[in-house]
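Okay, here we've got a single chain as structure tokens, the form predicted alone, with questions on binding and movement later.
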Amino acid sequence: MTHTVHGQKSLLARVRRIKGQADALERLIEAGQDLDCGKVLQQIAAIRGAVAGLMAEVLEGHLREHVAAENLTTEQRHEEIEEVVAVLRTYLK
């Protein structure tokens, strides 16, 4: 996956941002007593958006470099497409 190597810095930044958001959510919930549900929901939405952005970046690179590769046979391209479809089905559950 050369696209993940070339975009490693960007991908790691996204992952670290997600980690920070998840840590903030954990701290918010651990605070307990006066838990503001609105803040919890907002943090969950932010995490979901960040994960979606990460997925979109990796998926775009995969489609461009693997599925659309000019040197693939029809069978190889079909296998690549099936892999992406399986991942998307899991992701969208």
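Not measured: the values here are computed from a predicted model. When you see a residue number, it is the position in the sequence shown, counting from 1. So that the term is clear: the rigid core is the largest set of C-alpha atoms that superpose within 1.5 Å between two forms.
Below, we refer to the form predicted in complex with another copy of the chain, which is not included among the displayed structures.
Counting a residue when any of its non-hydrogen atoms is within 4.5 Å of another copy of the chain in the predicted complex, the hits in 54-93 run Leu54, Met55, Ala56, Val58, Leu59, Glu60, His62, Leu63, Arg64, His66, Val67, Ala68, Glu70, Thr74, Arg77, His78, Ile81, Glu82, Glu83, Val84, Val85, Val87, Leu88, Arg89, Thr90, Tyr91, Leu92, Lys93. Here Ala13 does not count as shifted, since its C-alpha moves by less than 2 Å between the shown form and the other one after the core is aligned. Here Asp23 does not count as shifted, since its C-alpha moves by less than 2 Å between the shown form and the other one after the core is aligned.
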